[in-house]
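What follows is one chain in structure tokens, specifically the form predicted on its own.
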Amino acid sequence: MDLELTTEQAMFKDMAKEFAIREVQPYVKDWDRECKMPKEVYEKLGAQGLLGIKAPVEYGGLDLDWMTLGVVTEQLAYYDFSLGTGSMSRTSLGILPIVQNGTAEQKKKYLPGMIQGKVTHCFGTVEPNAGSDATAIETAALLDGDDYVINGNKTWITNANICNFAMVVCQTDKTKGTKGLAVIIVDWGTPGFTRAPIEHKMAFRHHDHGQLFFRDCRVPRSNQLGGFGMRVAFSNIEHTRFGIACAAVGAINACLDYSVKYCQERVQFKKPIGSFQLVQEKIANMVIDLEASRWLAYRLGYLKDKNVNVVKETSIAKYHNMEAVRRSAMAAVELHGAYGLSDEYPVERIYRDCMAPIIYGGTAHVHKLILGRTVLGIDAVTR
């Protein structure tokens, strides 16, 4: 198995790095403090072609491989973990659901703007009573003639307050259970569709999250995206998990680089703290976590490009890499001492931000259950 990057993959990795150095690194501290990132950042990503890596050429995309998307995500996350995961989700939970399940009209309406970074989506799944248990979704979409009438609430939705349209997972028939689930597109401005921000977050402060509210919100039946069932509603979550695993590699790498530089320069007891054995142990652990995480992510990208079933490998990579970020970020803060508590050093932000994707994209417990079910052939959850 050869995991060496191709010339094209390396070129896109360098392109993402150059973009982040120019457009992200000088500003991300202020974005975090202000809890807001300019929408132009995504437009600039789109202009570079970095949002259309997995999108069809006919709509302005590049139709490239998963590994290319993975290394781009890794590089963006090195400079801003939030941007790395956010840019990836614009593909996994934005562009791809429409590519796979959209009608010709839906693709023509949404894809070009999404690829350019000028149109923003949100994917509404989580509810106050439905998180890890997606079967508990209560938002209802009932047919009334040729329209769906939607009622319900969604929470912790990425891009809720800046989206041009929402893809909303609804229950169309409770008697059918998960077979009644459907994804319905609701354009912002539709009567009965309102939203509110979630503020004062610990993590991903400049990445928008919010609540969606639907009260007798009427949309045409033609707004349904694909058919019915869990596969239509959640098939692309696995791609999001791949993106999180790749973003984790960038974040761990950043923790290591910042820590090495600090430990070489910081002097205590008349010598650099990097000379102390316990400090070197923490650095060594970061090196190991980085290498293990990178190979898990790259191997996953390699397998995805071969179109094989990667349910087990995805859960392994997502779970391991996020635990590795947690360890590395904590160690980086400790190595920076009191300065690690200040946002003057990026490790403080990485430490906070790593908590978000430990939870979303499937919690650590969920991934352990997936692995247990895959290996044992026994489902621990009653369905």
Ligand SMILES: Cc1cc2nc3c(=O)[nH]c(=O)nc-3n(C[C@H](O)[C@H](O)[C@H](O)COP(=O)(O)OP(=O)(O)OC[C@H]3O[C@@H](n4cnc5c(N)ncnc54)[C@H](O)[C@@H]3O)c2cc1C
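So that there is no doubt, residue numbering starts at 1 and follows the sequence shown. Bear in mind the structure is a predicted one, so any value in this text is a computation, not a measurement.
Not pictured, yet referred to below: the form predicted together with the ligand.
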If contact means a heavy atom within 4.5 Å, which one of 116-124, 282-290, 296-304, 224-232 is the stretch that engages the ligand in the predicted bound form? 116-124
Taking the ligand as it sits in the predicted bound form, is Y79 near enough to touch it, meaning that at least one heavy atom pair lies within 4.5 angstroms? no
Quick one: does W156 come within 4.5 Å of the ligand in the predicted bound form, counting heavy atoms only? yes
The ligand contact in the predicted bound form: Y360, any heavy atom under 4.5 Å: yes
Tell me, yes or no, whether L369 is in contact with the ligand in the predicted bound form, where a contact means a heavy atom of each within 4.5 Å. yes
None of K107, R195, H209, H239 but one has a heavy atom within 4.5 Å of the ligand in the predicted bound form; the exception is H209
Among L64, V41, A356, A331, which has at least one heavy atom within 4.5 Å of the ligand in the predicted bound form? A356
Which residues in 43-74 have a heavy atom within 4.5 Å of the ligand in the predicted bound form? none
